[in-house]
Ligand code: NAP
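Next up: just one chain, as C-alpha cells, the form predicted alone.
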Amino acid sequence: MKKKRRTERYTLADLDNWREATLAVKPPMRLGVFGDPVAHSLSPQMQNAALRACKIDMQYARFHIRVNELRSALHLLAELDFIGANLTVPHKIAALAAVDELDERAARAGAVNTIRVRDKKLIASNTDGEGFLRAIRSDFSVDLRDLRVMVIGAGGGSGRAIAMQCALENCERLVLVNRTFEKAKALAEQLRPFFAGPRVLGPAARLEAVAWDEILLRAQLAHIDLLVNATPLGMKPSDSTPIPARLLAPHHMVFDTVYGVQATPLLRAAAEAGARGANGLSMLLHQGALSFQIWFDREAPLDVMRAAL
C-alpha cells in the first residue's frame, strides 16, 4: 500500500482497519484533525513541520469524520495509541459528551478543539480562546481588554470560546450575534457576571445579545471596534458576507476565523470600506501551538509552524 499523500484524508473506515490502512506509512500517524469538511485544513502542514523540527517520530493527518461518526472515531483514538487530535467544524460542541474529562478551558468554553489521550482516556481542552487572543495582538497590535467586540456566530464552538475569552479579558464591550437568537441570549446570561462593572462612557450596554438583523446590527456597529466572524460563511466562494458590506466603516477591525488562499467575501468588503482585516491563519497558528504544548508538555516551535503556514 502506498503512503497516503498529505492532501488525502482518512475516514472512520480507515480507523476501523487502522493497522492495515497505514501499514506502509512511516513515521506512524498518531495525531490528526477531525472535521466535516476537513480538506481545507492547514493543520497537517503546520503540525508536521513542528514534529520534524522537534525530531518527534510521528505524523499528523486529516480525518473526514461525519457527525454521526464522531463518538466511534474518538473511541478508536484511545485504542490505537494516538497521542491526541484536534476538532473542527462541526464537532467542537458534540465532543463534550464523548470525552472522559474536560479541563478548565474546555468546560469554560463549552466546546472542545483539542484532545489528549492519556492512559486510554480522552482529556478535552480548548485552545481557541487563547489562540484568538494572541492572534488579535499579533494582527492588530491591540489587546482585547481595550476593545468593543462583536462576535457573529456566538452559538458555535469557536464563537463560544472567543466570546468567553473576551469576557475573561474584561473587554470594554461584547455583542453576541447568532442565527438562533436564544443561543446568543443564553451565552450572554452565562457571561453577565464578567461585565458587572461599568467601563464605557455612553449609553451602550457592556454586554448584549442581538438578533441577526441588519437594522439591529447597524445600530450596534457604531459602538464596535472589532468585528469577528466565527461562522463558516466564507469557506465556499459562493458564500455571502455574514453582515452586509455597507455596514462596515474605516474604524472597524475585522477578524474572519475562516482562512484560505483567497480573501473571504467579508475581508474583501472590509478592504473596500477602508477597514483593517485579518483572516484566521494567525488564530490557527497560535491555537495549534497551544495544542502541541498540551500533547507534548513542551513549547511549540512557533517560527517553524508559522513558516509552514
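Being a predicted model, the structure only gives us computed values, none of them experimental. Each residue number is its position in the shown sequence, starting from 1.
The next section is about a form of this same protein that is not shown, the form predicted together with this ligand.
At a distance of at most 4.5 angstroms from this ligand in the predicted bound form, all three residues S158, R179 and Q287 contribute at least one non-hydrogen atom.
For T114, no non-hydrogen atom is located within 4.5 Å of this ligand in the predicted bound form, even though that partner is not displayed. A61 falls outside the set of residues with a heavy atom inside 4.5 Å of this ligand in the predicted bound form. Put simply, T257 is close to this ligand in the predicted bound form: some heavy atom of it is within 4.5 Å.
Taking the partner from elsewhere, K92 is found to have a heavy atom lying within 4.5 Å of this ligand in the predicted bound form. Shown alone, this chain has one stretch from 224 to 232, 99 to 107, 142 to 150, 114 to 122 that lies within 4.5 Å of this ligand in the predicted bound form by heavy atoms: 224 to 232.
Of the listed positions (R276, K26, R268, H40), a single one reaches within 4.5 angstroms of this ligand by any non-hydrogen atom in the predicted bound form, namely H40.
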